[in-house]
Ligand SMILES: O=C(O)CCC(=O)C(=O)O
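Before any questions on binding or motion, here is one chain by itself as C-alpha cells, the form predicted alone.
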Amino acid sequence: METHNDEVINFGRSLIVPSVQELAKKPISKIPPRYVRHDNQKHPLISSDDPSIPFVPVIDLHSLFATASESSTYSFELNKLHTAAKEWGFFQVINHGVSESLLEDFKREVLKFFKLPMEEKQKLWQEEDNHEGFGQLFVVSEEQKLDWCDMFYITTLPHNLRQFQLFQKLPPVLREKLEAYSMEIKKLAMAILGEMGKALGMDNEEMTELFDDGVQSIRMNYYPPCPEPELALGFSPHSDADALTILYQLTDTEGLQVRKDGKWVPVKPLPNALVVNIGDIMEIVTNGVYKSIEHRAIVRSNIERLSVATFYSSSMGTELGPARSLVAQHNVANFRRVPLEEYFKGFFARKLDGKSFLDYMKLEELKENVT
C-alpha cells in the first residue's frame, strides 16, 4: 500500500517551458530562436553507415548471470564489461532478463501517454517549485537554449521519495506497468553493479551497502519531428548524475550519440537490447576507474523518437565518495565526499554543461594535475 510522505525531498526545480510536441504540430518551417543551436557541429559526427565506425560494446548478460564464475566464458564477458565501463562508459546489454512482454506493454503505455490531449497533460505538468512531471529539466534562465524534446520525469524508488499526487494522476495501466518496469530495472541495475564490483576487486558487501536502497528516477522522452534538425538538439550534451542509466529505446530511430575521442558516435539500437551508461556517481565511487561519458540526442525532420531512461543512484543518507576499498587499493582519493542529497541539489540547480559538475567534485590537487 502506497503511503503519503510529507517529508518528500525536493531535489530541484526547472523553469516552466512550452510543449515542443504542441509546437511541432503547427505548420512551421523555422524553429523559434530559443531552440536554435549554433555550436551543434563543435565535434565531428561519424555516420552510422561508415564501416570504420567503432561500435558501442555489446555485453551478453546471460554469460555473466548464468555461467559459473570460474569458467572462461564468464571471465571473458566480465573482462568485456570492465573494459567497456573503463574505455567507453557506454554499452548495450542483450539477454538482460527483462521480459519482452513487460517491455512491449510498457512501451505501448508510454506511447499512449505522449498522445494524451494537452488538457490531460497539463494536470501532470511541472509545478513552479519542483521538476517532476511533464516539461524540461535544467532550465535555469529565460535566455537559455531549449531542447527539442518533451519529457516526463518522476522519482520511482525508494517509495518514501515519491511525489504521491503525481503518481495518483497517472493513467492506471501506465502506473501498473511503470511499477513493474521500475522493479525489474532495479534488479538489473543491482546485478550489473554486483558484476562491476567483482571486476574492480571491491569488497563484496560494498556495492550492496551503497546501492541496495538506491534512488531511482525515470525520464520518458518524446522527440518530435523538427523542421530544422541541423539547428536543434533533442538533448544537450551532458553526463548523467547517477551511478547507472539504463535506456530503453522505444523506436528504432537513431538519435543517441556518445562523445568518443572527440567525435560523436551514433548508438544503433539493437533489437531487444538495453543501453547502459556509467554516470558521474559511478565515476566517483570507482575513484575514476570507470568513466561517465558525454552524450546527446539529435532530432530528425520527418520522424519522432521515444525513449525511457531509468537513473539508478546510491541510497539516500549515504555519503557520496570513492569506495573505501578502492581508495585503499589506489592509495589516493580523487574525489571529495559529500552527502548524496547535497550532490543532487547541486546537480539539478545548474544548466547541463558536459561533465562540469563532475569537475566540481574532483579534489583540487587532482584538477591542478590535469590543467
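Position 1 is the first residue in the sequence shown; the rest follow in order. What you see is a predicted model; the values in this text were computed from it and never measured.
The form predicted in complex with the ligand exists for this protein as well; it is not shown, and the discussion that follows is about that form.
Here is the short version: of I31, L320, L61, A309, the single residue with a heavy atom within 4.5 Å of the ligand in the predicted complex is A309. Scanning F106, F152, F235, Y290 against the ligand in the predicted complex with a 4.5 Å heavy atom cut-off leaves one residue, F235. Shown alone, this chain has one stretch from 322-330, 299-307, 23-31, 336-344 that lies within 4.5 Å of the ligand in the predicted complex by heavy atoms: 299-307.
The closest heavy atom approach of D240 to the ligand in the predicted complex falls within 4.5 Å. The ligand is not drawn, but in the predicted complex it has no heavy atom within 4.5 Å of L78. When contacts are judged by a 4.5 Å heavy atom cut-off, N221 counts as touching the ligand in the predicted complex.
At least one heavy atom of L247 is located within 4.5 Å of the ligand in the predicted complex. In this stretch, 256-285, the one residue having a heavy atom within 4.5 Å of the ligand in the predicted complex is L256; the partner itself is omitted from this view.
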